[in-house]
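Form predicted alone, single chain, as structure tokens, below.
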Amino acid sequence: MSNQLKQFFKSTITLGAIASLTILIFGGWSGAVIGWLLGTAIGLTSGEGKRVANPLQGAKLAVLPGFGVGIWLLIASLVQGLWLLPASGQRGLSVSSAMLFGLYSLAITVAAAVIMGAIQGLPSYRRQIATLFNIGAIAIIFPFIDQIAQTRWIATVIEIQIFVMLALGLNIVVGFAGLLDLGYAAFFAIGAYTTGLLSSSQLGIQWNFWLVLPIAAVIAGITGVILGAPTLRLRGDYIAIVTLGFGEIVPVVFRNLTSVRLEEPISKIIGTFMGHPEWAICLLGCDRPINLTGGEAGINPIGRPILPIIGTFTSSNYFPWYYLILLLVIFSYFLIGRLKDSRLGRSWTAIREDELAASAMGINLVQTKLLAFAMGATFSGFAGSFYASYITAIFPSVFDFSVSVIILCMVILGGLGNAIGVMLGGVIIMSADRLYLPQLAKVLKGVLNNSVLPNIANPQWQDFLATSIDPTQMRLFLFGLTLVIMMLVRPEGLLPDRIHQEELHGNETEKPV
């Protein structure tokens, strides 16, 4: 019984805390939406490591953890409606309304957990089909649920998917091939600027988005090969330093390409040597230098996708954007999964484990490393092209070093080499960065201004509290702290790759003879 209680508290405390935080800072029907998502996750994992004989047993295993998280939601709903809203200067809820939100959240959480738990009790093939169908249904109907519940999360979810795609691409380089890349945002920028140059009025070229999308990916991939070439003889920290420098150079280049005049090199060298610079043959920007990238102001506006029935994608309708990036993420996931299981994927694994041994086994190190950089950069180019079209404007400051670090954090947090883990890491970090921290800052500001600061007489303390308590200013500190804790507690990540896990905990699983 004690083991069951430990398992119960272990499975519900973390998810219950996330669910409670969600309803405390967002309120309304956000508890029902997060309960729906977390309940599905509970049902999916409740039978893990156990033999679930039938759907009824699977449902029984999931109902108790689901009920535990639902209780968290019910309590949080009462606290939010009866205390937090009045404390932040908003109109509070009546007991019946707060109870209603909490009970609905509890019921939806339990129902979602029971349904997914029952699916885990089906025979193997039917279980896989039903699980994929359930997860796919959640992904498809989420925009409609978001609209009905008025949570307004869909814009952030689109950004989360963009960064999930970036994390999947970086996982090829870091997770599969073991090459530490600290300048991955550079390929993101190259994909975005390629789309900006070919689908805007900056150069008078306004190609269709569907044509520019693969071009941006190919150009980013070629750039990956160019970056990979000088790093072939390097290992470990030296590769990280080279990629770090590349990631810093690219935004600076885009920031300064504001006065471009291109001349034929041979005639320019001869003219300079002979003392006649006018002999240089001008190829581009002859009448006046071209403002190629727009400098710090960037490129704006950028063309958007057009589909026959939907028409032009707009910023007021998120549905087409959501389904387009969802398709790109699914496409990336399956393509990267096939790459991992291919001969090339096994070669990446061999290089990651031991380069000398891999070379002795006949693996071409040069070609394999270049393909790792190229494939990782290609997916980043895809994401950059979509991102540029989605926000219709790009600036050099968007692609700074912190972006590379955040994407690397997603890979490490989720689990090196595991695509599902990397996607989970991306969802956690981007949800915290773009959804939870800004909303938490807004709620804390309301509580401070209405309930705390009026009770403090000292103006200096008022200024200190008003300017210091802002979670968005501590985002990088929180991400760094998360990485430190992960390295101490679970260095292989939340959902590690099997090989990585055996490397780190192989001795712990070996049975004494």
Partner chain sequence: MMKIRYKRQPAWNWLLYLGLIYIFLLLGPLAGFDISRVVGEIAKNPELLIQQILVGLVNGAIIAIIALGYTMVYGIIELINFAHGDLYMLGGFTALSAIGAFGVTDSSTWQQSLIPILAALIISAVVCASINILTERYAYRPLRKAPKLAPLISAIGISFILQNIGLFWGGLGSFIPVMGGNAAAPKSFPDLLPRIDILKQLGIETSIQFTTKDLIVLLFAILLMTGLQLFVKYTRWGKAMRAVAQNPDAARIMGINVDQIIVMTFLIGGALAGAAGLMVGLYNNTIVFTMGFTAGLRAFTAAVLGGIGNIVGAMLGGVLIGLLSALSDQYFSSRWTNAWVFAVLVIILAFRPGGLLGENVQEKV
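Because the structure is predicted, anything quoted here is derived from the model rather than measured. Throughout, rigid core stands for the largest set of C-alpha atoms superposing within 1.5 Å between the two forms. Positions refer to the first chain, counted from 1.
The next section is about a form of this same protein that is not shown, the form predicted in complex with the partner chain.
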Next on the checklist: Looking at Asp341, Asp237, Glu278, Asp287 here, can you tell me which has any non-hydrogen atom within 4.5 angstroms of the partner chain in the predicted complex?
Outcome noted: Asp237
Next on the checklist: Quick check on this chain: which one of Leu244, Leu324, Leu197, Ile154 has a heavy atom within 4.5 Å of the partner chain in the predicted complex?
Outcome noted: Leu244
Checklist entry - Looking at 46-54, 453-461, 61-69, 440-448, which one sits within 4.5 Å of the partner chain in the predicted complex if you count heavy atoms only? => result 453-461
Checklist entry - Contact between Ser315 and the partner chain in the predicted complex at 4.5 Å, heavy atoms? => result no
Next on the checklist: Against the partner chain in the predicted complex, would Gly136 count as a contact residue? Criterion: heavy atoms within 4.5 Å.
Outcome noted: no
Next on the checklist: I'd like to check something about Glu264: if you look in the predicted complex, is any of its heavy atoms closer than or equal to 4.5 Å to a heavy atom of the partner chain?
Outcome noted: yes
Checklist entry - Using heavy atoms and a 4.5 Å limit, would one call Tyr125 a contact residue for the partner chain in the predicted complex? => result no
Next on the checklist: Given a 4.5 Å distance limit between heavy atoms, list every residue of 255-288 close to the partner chain in the predicted complex, or none if there are none.
Outcome noted: Asn256, Leu257, Thr258, Val260, Arg261, Leu262, Glu263, Glu264, Pro265, Ile266, Lys268, Ile269, Thr272, Phe273, Leu283
Item to check | Post core alignment: Leu327 C-alpha displaced by 2 Å or more between this form and the one not shown | outcome: no
Item to check | Flag for Glu264, CA shift 2 Å or larger between this form and the one not shown after aligning core | outcome: yes
Checklist entry - Rigid core fitted, then: does Thr467 show a CA shift of 2 angstroms or greater between this form and the one not shown? => result no
